[in-house]
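Okay, here we've got a single chain as structure tokens, the form predicted on its own, with questions on binding and movement later.
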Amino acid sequence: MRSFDYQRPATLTDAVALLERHGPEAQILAGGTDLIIGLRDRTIQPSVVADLKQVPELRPAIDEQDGWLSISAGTTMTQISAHPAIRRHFMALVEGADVVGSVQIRNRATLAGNICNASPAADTAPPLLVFGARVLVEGPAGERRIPIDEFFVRSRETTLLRGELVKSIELPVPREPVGAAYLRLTRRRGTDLASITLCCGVEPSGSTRLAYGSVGPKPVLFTDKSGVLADPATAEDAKLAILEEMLSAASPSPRSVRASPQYRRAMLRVLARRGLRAAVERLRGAA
């Protein structure tokens, strides 16, 4: 492990100044579940590590205000999974959080860290895309909000600028019930990176949102407003034609050791059909 400077800023202003000063040479420590591994195997070699756990604005918190549910940057997967408002409105996000690593990892890993790591296989990314989340960031120029579908660029790269850090992730509280389900495919049961991640959400209007990851450089979102997919009376052939179009952006890497591109594309279709069916059933149950 390469030696580095350890800093523990006590204010948000100090944290932003530190990140702006050191740029890409700085790494943030919040949950640390990815950082510690990178430090150990030397894939991450920072000159400074900024421990943000003492910054008041970033400490674990989940609050609802003005029609939005705010999840602070320090909130862990375990806290997200147990929160009643998230379980009531965003069960697919709970399903994503529940399969991040192991129990021990989920007790430390944060939602902000999961998206900032920008892994195409991030379990929380598809639910956040389906639910229309936005990312509140703080930087040298002040606050700004980034729609989650504009946040990811490619593996390990986001649209965060120099000196910026995530303060919270915000989710619009739905006025009507939404049926949504998260699914993943792994090589084995238990703790493993996903070969495919997928979330499907269906609104009472019939609008259907489908997000998937681990089959390209970043997770992607598609929306069908025709109502065809959510209509039980629609013929399966018509539904499959729309799903095929929504899944056409999948571009699995041929170098991946987790699954071949052919297998991933085939199983993505299977998960899409399962996810759609589960989302429609949940919408009916909520109604």
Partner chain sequence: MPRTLDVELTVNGAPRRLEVHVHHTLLDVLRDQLGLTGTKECCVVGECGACTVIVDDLPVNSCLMLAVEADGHEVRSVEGLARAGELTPLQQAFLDKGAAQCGFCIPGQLMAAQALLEQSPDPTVADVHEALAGNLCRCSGYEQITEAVLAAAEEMRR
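Predicted, not measured: the structure shown is a model, and the values here were computed from it. Residue numbers count along the first chain shown, from 1.
The form predicted together with its partner chain exists for this protein as well; it is not shown, and the discussion that follows is about that form.
Taking non-hydrogen atoms only, R156 never approaches its partner chain to within 4.5 angstroms in the predicted complex.
A residue is said to contact a partner when one of its heavy atoms sits within 4.5 Å of a partner heavy atom; A82 fails this definition for its partner chain in the predicted complex, lying far away.
Although the partner is absent here, V55 sits far enough away that none of its heavy atoms falls within 4.5 Å of its partner chain in the predicted complex. Its partner chain is not drawn, but in the predicted complex it has a heavy atom within 4.5 Å of Q104. Of the candidate stretches 216-224, 34-42, 234-242, 257-265, only 34-42 has residues whose heavy atoms lie within 4.5 Å of its partner chain in the predicted complex.
Screening R162, R108, R87, R144 for any heavy atom within 4.5 Å of its partner chain in the predicted complex leaves a single hit, R108.
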